[in-house]
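Below you'll find only one chain, the form predicted on its own, shown as structure tokens.
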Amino acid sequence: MVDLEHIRAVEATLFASETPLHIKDIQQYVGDKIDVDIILKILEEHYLGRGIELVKRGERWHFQTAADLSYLLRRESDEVRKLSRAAIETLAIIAYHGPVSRAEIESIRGVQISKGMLDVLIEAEWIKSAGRREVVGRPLIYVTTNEFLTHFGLSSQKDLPGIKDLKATGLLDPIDSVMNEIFTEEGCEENDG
């Protein structure tokens, strides 16, 4: 006859272990007078069909999540990525002007995009290719994705902040604001004359 305390001791040993245990390992914890083989069979039956199961892999035993429930415990790791200023500018251009080609992004930024810039944004799943522009050379064009909207808490592209919103939150550099005002004033003066 198997004692309930012996079952509990084997169960606790397996539960607390970070790695699967061989019967000899379990006996080191609970003593060699306990029939670990029989207790493992009892525990295996007890946990059959439950949220966790006692399984034997090779010669070692351990508890694991039931295979049909493993999706519940899949961890989504948030990998913090610090984007360069160039990457942020590129992302903003695609968000506000998309669909755009690489050449159009470079024209708006005034500099070439580094080789892996678009790859980084694609890997982050914030942009994707939206086909090819129907012009000579048929360049790829890029748009933002639903993941981009989700990450930034937007319902749609229409929810992107405008210039006034960006100024109010301090997200525009002071030099950008000054340059914008200068060009706006010069344009007004030219139109007045």
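Sequential numbering from 1, following the sequence displayed. Source: prediction; values computed, not measured.
Unshown form predicted together with a further copy of the same chain; subsequent notes refer to it.
Should Gly131 be counted as a contact of a further copy of the same chain in the model of the complex, where contact means heavy atoms within 4.5 Å?
-> Close contact is absent here: in the model of the complex, Gly131 is far from a further copy of the same chain, nothing within 4.5 Å, heavy atoms only.
Heavy atom of Leu43 within 4.5 Å of a further copy of the same chain in the model of the complex | Although a further copy of the same chain is absent here, Leu43 would touch it in the model of the complex, with heavy atoms inside 4.5 Å.
a further copy of the same chain contact at Asp35 in the model of the complex, heavy atom, 4.5 Å = Heavy-atom contact with a further copy of the same chain at 4.5 Å: absent for Asp35.
a further copy of the same chain contact in the model of the complex: Lys56, any heavy atom under 4.5 Å | Lys56: no, not in contact with a further copy of the same chain in the model of the complex.
Looking at a further copy of the same chain in the model of the complex, which residues in 10 to 35 have at least one heavy atom within 4.5 Å of it?
-> Contacting residues: Glu11, Ala12, Thr13, Phe15, Ala16, Gln28, Tyr29, Val30, Gly31.
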